[in-house]
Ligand code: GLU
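In structure tokens, one chain follows: the form predicted on its own.
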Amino acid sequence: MRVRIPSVPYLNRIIALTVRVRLAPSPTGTLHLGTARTALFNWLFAKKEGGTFLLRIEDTDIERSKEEYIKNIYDGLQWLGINWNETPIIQSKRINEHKTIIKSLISKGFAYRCYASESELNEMREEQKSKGLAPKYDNRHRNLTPEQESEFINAGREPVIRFKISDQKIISWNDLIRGKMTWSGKDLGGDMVIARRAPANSIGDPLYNLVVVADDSAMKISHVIRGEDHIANTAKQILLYEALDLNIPVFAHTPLILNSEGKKLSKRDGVTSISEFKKMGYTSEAMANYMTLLGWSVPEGINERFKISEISEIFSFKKVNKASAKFDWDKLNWLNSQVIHEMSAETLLKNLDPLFKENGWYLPSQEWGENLVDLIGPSMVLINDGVNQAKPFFEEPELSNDGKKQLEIKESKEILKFILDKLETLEAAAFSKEEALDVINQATKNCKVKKGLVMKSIRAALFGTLNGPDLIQSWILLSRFSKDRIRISRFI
């Protein structure tokens, strides 16, 4: 589909573009929740407009970038159901193109070599700070004479490359989320470094703002959708687009994700990466569903519980909020529980069986396993909850305080002895619901106690606690696993 881009200050006319969007994560860590949410908004927009979603790995931070993080990013996106349309671009492989662009900016007078040392820059910042001024490069080497430059070179100084930013320049764009945005050149911190220090006759490693512009242009990106923490970068990048005479994409800056204290969500809050959420037992469907709600308002008449493949048809930036989104564990847990409760027994068992096997637990049969997850599924919030709830069906449970107190009651021992004798008379290890109820009724009558005491005694013997799923169904499952007799016999 082709869309019409609204008229913006830096465009002389309305241009029709094919939608091409991208995610450009840095592989210096695992896939973060915020990055995944950005990917999701890009993917939803591309799906809505019949466009293309691309992936670019920004690995120019050589020391911190790792292959394991690239794999984590790929795996996390695919787990969420976010697939890209073309082979991912690896940014470090384009460094020669980046340096060629920097050379062209120098030759055209848009950039220059700055020989200011770190000590000189620190002295400049301290002076600005003492005067109550914001830190800003004072452009001291913008207009060096050839003689001055030669003097610095002969002194062994290695320059950075800076891009000229005029204090009088006004930068404007029409943000799809925030409307008209305007920045003044004087607020961008002075001339911008676009390449690290290197010998004067060479170009150092190109830096973020330059390589992003170069790669987005090469990839024909039509819309740049990213977090609001990039707004200042957008102003700088528009200047680079103009200097290089490149088409400027449309920008959309999504709201930040905050923690419960209203601060930017970070690793200090514990779980922030998609792989960690997966390990905790959250489902991909619930995670994608919840991330869509982090900053996007569901249109009237649409339920908050949805699949992203369904919501892509109605996704719009008109419903993306400007205000930051606050992460809500309760909301995520509710969505996850809904996904689990809607799963068939077969699907839920597929999720749980690998976890069972990690604990050395093996199903006596597929039917038995499906009956088990039918029993425990309604009380599960996380997939991992199923491990704890299933444990008593595979291992001898430890006695909790309430279970221990129950089994110390004199009548409880009498009840369990009577039940064990009854179980020994049954021809098969497994028994039906009717047989289980009959044993309970007989124990109530013969031991002259209330039925509640009988059922509490059985539950404490089988599970070590007075809490748990439906007793009769649990007892039947355990009898099919030939463990109920052994457990009851421990306490008589």
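Counting begins at 1, following the sequence as shown. For clarity, every value in this text was computed on a predicted model and none was experimentally measured.
From this point on, the text means the form predicted together with glutamic acid (GLU), which you will not see here.
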Even though the partner isn't displayed, in the model of the complex is residue 58 close enough to glutamic acid (GLU), meaning a heavy atom within 4.5 Å? yes
Checklist entry - Is residue 25 close enough to touch glutamic acid (GLU) in the model of the complex, meaning at least one heavy atom pair within 4.5 Å? => result yes
_Taking glutamic acid (GLU) as it sits in the model of the complex, is residue 98 in contact with it (heavy atom to heavy atom, 4.5 Å or less)?_
no
> Is there a heavy atom of residue 212 no more than 4.5 Å from a heavy atom of glutamic acid (GLU) in the model of the complex?
Replying inline: yes
Note: glutamic acid (GLU) not shown here; in the model of the complex, the stretch from 374-382, 225-233, 405-413, 165-173 having heavy atoms within 4.5 Å of it is 225-233
Picking from 334, 394, 306, 208, the single residue whose non-hydrogen atoms come within 4.5 angstroms of glutamic acid (GLU) in the model of the complex is 208
Taking glutamic acid (GLU) in the model of the complex and a 4.5 Å non-hydrogen atom cutoff, the residues of 29-50 making contact are none
